[in-house]
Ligand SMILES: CCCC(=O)SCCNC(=O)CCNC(=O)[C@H](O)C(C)(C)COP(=O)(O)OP(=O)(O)OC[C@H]1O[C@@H](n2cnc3c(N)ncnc32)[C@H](O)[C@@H]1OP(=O)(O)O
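The chain below stands alone and is given as structure tokens, in the form predicted on its own.
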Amino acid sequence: AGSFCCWNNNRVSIPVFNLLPTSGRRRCCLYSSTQGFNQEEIRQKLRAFPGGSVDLLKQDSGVAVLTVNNPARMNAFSGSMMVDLEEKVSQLENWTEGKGLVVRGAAETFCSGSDLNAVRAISSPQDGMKMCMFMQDALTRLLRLPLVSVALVEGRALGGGAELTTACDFRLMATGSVIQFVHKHMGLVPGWGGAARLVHIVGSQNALKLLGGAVKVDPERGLDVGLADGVLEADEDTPGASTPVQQAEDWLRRYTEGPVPVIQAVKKVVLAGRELPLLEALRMEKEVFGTVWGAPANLQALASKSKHK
């Protein structure tokens, strides 16, 4: 579990899940300066390639909407958008009232990966590795948020956009949408952590097929291999029909209904089970259990005898 540990100020190794975002706590980076990771230096380099934005809307419902917004380039990530993403993840790490997150693209398409203008400008192996570490860190932190997250895939999710979908707990695909790991066509493999996450989601055999074949995954195939968790049907002709974002929020609600501490605790124990060895996962589950046992939501449920409802 060493790769999932970091050092606190007293130089004691702590499992990353003890540092799951709580207001005032320090969050954990995947990489350190000894591995050539200087986050501020990378931020400055990436900001030199502007364009688009990553927008965050936090709602009173406890569900936020994160929008990749660069329609002129099919929502491809410019350098400044990569910094935007990391900053929005930091905001969500400190959002104590949050329970859920919808990740989407503007203008009815998800994300086409990296802006090639930025990619060409940072094409040296050294700069590429730094960008890789920066985005791996940001997307790993996105997945580790104590929020239940869903990627709303409209249009195309290509390359890095496909990788972004894997940094969410669930994926909903709209009719006509496509997820495609096109890295092979660019002479690359995923570098933002998408391959490792994809194996967890669909298994190694399917991951090899999707990466090695650069397969276009439509909603039907997505459901078949387990990459998609649901399909949103188009309902544009019905007056007053819900927007895709509203449909995604409605779909997510079944997993976010309930008190904030309970929903966040559910996410934390699932993270522990996914990323930690069994004994450490059990210890973490015990610790998280201790935060909700006897807490207001638990006492209220006991008083109302809601267990069998």
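The numbering used is simple: start at 1 and walk along the sequence shown. Values in this document were obtained by computation on a predicted structure and should not be read as measured data.
The form predicted together with the named molecule exists for this protein as well; it is not shown, and the discussion that follows is about that form.
Participant: If contact means any heavy atom within 4.5 Å, which of 225-233, 165-173, 206-214, 151-159 contacts the named molecule in the predicted bound form?
Facilitator: Going through the listed ranges, the match is 151-159.
Participant: Q91, N117, T96, Q126: which sits within 4.5 Å of the named molecule in the predicted bound form by any heavy atom?
Facilitator: Checking each option against the named molecule in the predicted bound form, the one that comes within 4.5 Å is N117.
Participant: Quick one: of L85, L101, M74, V202, which gets a non-hydrogen atom within 4.5 angstroms of the named molecule in the predicted bound form?
Facilitator: Spelling it out, the residue with a heavy atom inside the cut-off is M74.
Participant: Does H183 reach the named molecule in the predicted bound form if we count a contact as any heavy atom within 4.5 Å?
Facilitator: Residue-level check for H183: yes, a contact with the named molecule.
Participant: Is there a heavy atom of G113 lying 4.5 Å or less from a heavy atom of the named molecule in the predicted bound form?
Facilitator: G113: yes, in contact with the named molecule in the predicted bound form.
Participant: May I ask you to check whether F134 falls inside a 4.5 Å heavy atom distance of the named molecule in the predicted bound form?
Facilitator: Contact with the named molecule, no.
Participant: Does A107 reach the named molecule in the predicted bound form if we count a contact as any heavy atom within 4.5 Å?
Facilitator: No, A107 stays farther than 4.5 Å from the named molecule in the predicted bound form.
Participant: Taking the named molecule in the predicted bound form, which residues of 286-304 have any heavy atom within 4.5 Å of it?
Facilitator: Residues within 4.5 Å: none in this stretch.
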